[in-house]
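Starting off, we have a lone chain in the form predicted on its own, written out as structure tokens.
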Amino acid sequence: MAEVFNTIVRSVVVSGAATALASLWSIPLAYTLIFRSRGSVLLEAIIETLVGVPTVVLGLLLYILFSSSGPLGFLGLLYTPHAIIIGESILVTPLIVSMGYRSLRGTAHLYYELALSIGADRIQRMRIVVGQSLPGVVAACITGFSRAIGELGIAMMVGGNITGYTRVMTTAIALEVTKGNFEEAIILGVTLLLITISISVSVKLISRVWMIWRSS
């Protein structure tokens, strides 16, 4: 049971780090797309398409990059938690950008003009616009975390499912099923399901509390 607990904690930490990393560039990218007049429709279509990219394809590309004969093999990232974090951050980037774009688009121009009128610089303007759409931005990041923690292909291919090091819930479930150890697989599966449900409920609560606070 100690290993099961460690696997759960490791999954949350790795997926949380991947989501935080992806958010660093995804939210600014979503903000930039709103004010891009040329090619925005094409870029939006590409991002929407990348949301559904097969994880095994991305995992394969990362494996080739991080393998000893690959261009980034000298970094020694293959079969480490860092490789999973990088892979998951790339995976959830289109999702966070897409959801962030939809959330910011509704209020961006209004508050952008307001920020300009008070003499805000570029960073301050972005902070004002993002702040006014905070529930949607948070929801995008939480949804990205949900996608990351339920991911299998990347974690298996670049993480290697090493006990006590890179094993996460999804790879552990796959392993325990092949071993016929259904008790641990069910425990991990139920835990993963509860985390996903909790995330969905959290998104709705955040949105509702924000709407109540804005209307008060």
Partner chain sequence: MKRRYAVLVGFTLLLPLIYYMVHPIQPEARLRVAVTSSLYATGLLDYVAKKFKDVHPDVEVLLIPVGSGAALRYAERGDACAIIVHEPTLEKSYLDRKVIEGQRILAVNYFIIAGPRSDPANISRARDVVDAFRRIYDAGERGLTYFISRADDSATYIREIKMWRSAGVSPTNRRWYVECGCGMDQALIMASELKGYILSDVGTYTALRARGRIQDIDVLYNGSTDTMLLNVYSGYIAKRCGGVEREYADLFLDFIYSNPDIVDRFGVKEYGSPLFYSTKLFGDRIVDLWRGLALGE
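Residue numbers count along the first chain shown, from 1. Since we're looking at a predicted model, the values are computed, not measured. Rigid core: the largest C-alpha set superposing within 1.5 Å between the two forms.
What comes next is about the form predicted in complex with the partner chain, which does not appear here.
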{"item": "Answer range among 42 to 50, 172 to 180, 187 to 195, 22 to 30 for contact with the partner chain, defined in the predicted complex as heavy atoms within 4.5 Å", "value": "172 to 180"}
{"item": "One residue of Ile90, Val137, Leu78, Ala108 in contact with the partner chain, assessed in the predicted complex (non-hydrogen atom, 4.5 angstroms)", "value": "Leu78"}
{"item": "4.5 Å heavy atom contact, Ile162 and the partner chain in the predicted complex", "value": "yes"}
{"item": "4.5 Å heavy atom contact, Met157 and the partner chain in the predicted complex", "value": "yes"}
{"item": "The partner chain contact in the predicted complex: Arg167, any heavy atom under 4.5 Å", "value": "yes"}
{"item": "Contact set, 52 to 76 vs the partner chain in the predicted complex - heavy atom within 4.5 angstroms", "value": "Tyr63, Ser67, Ser68"}
{"item": "Rigid-core frame, C-alpha of Asn181, shift of 2 angstroms or more between the shown form and the other one", "value": "yes"}
